[in-house]
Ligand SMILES: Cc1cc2nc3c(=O)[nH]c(=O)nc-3n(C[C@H](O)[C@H](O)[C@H](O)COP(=O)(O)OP(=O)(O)OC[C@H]3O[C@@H](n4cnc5c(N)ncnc54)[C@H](O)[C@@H]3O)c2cc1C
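The form predicted on its own is given below as one chain in structure tokens.
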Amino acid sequence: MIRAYHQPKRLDDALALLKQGALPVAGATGLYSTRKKIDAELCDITDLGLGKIEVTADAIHLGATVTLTQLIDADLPGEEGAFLKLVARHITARPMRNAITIGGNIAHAVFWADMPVALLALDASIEIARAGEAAVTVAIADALKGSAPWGNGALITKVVIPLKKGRRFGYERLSRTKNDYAYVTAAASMSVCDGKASDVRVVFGALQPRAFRATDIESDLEGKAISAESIAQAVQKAATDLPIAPNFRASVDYRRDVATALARRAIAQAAGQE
């Protein structure tokens, strides 16, 4: 039961409501899709001025209520901007993208969420606000480990993506249809200089409750000569120990095979091999 609906105009007012237990909503697609019974007051955060996109010399700043459609239509710089737009275009259909927000896709914390996969590959950080406290910035890699730093009165207000010269990206996703949840997603990023990889990130989504970095694959590629053979060896070496949660949509063995193939492709794209 939705007990009350609030639409504050000031961030401080919204944070006060959240401190009292109100549930933040923007596009509310997570609210509609949950199987949990809702018994709460809602705090609509769409009038707080968090729907802006700003670009500085060294970063892209996305307000928490920026929608995926805004992201796709925005003029974003560099490989980072192109990668963000690519991933957003793979998420469901435009009517849903008109509602899904960048902050909500992180905070909803469902296993199939696509943006956390991209944000891990981008080394993004998130800004979190809480009533009566200074805002804090947390690396997305840390935020996705353990208990989430949002919720319980806290609100994601901004996502920051650093711009790094020379970095390239790759992304692969498998689902039954374009608009369906993913069986597996894989993303990769790296810089390549003189044939050697550096600053390597390899990320999987839809295998565990939250997206995660494949650090074994990263360490096997970091500082090494990059080739189709070295990519295949690094991915295959880690495949056996890849953590995959049971899923009624496909078997663990099938998703492991898919994850291995998608990771090879995503890494090859980031390395300029495809």
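Residues carry their position along the shown sequence, with the first being 1. Since the structure is predicted, the reported quantities are computational estimates derived from the model, not experimental observations.
In what follows, reference is made to the form predicted together with this ligand, a form of this protein that is not presented.
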Subject >> Listed residue that, although this ligand is not shown, lies within 4.5 Å of it in the model of the complex (heavy atoms), from Ala197, Ala143, Ile100, Leu120 >> reply: Ile100
**OP:** Only one of Ala154, Ala148, Val160, Ile72 comes within 4.5 Å of this ligand in the model of the complex by heavy atoms, so just point that one out.
**Re:** Ala154
Original post:
Looking in the model of the complex, any heavy atom of Ile60 within 4.5 Å of this ligand?
Top reply: no
Original post:
Closest heavy atom of Glu172 to this ligand in the model of the complex, within 4.5 Å or not?
Top reply: no
Original post:
Is Ala28 a contact residue for this ligand in the model of the complex, using a 4.5 Å heavy atom cut-off?
Top reply: yes
Original post:
Quick one: does Leu86 come within 4.5 Å of this ligand in the model of the complex, counting heavy atoms only?
Top reply: no
Subject >> Contact segment among 91-99, 134-142, 72-80, 187-195, judged by heavy atoms lying within 4.5 Å of this ligand in the model of the complex >> reply: 91-99
**OP:** Could you list the residues in 175-210 that come within 4.5 Å of this ligand in the model of the complex, counting only heavy atoms and keeping sequence order?
**Re:** Asp180, Tyr181
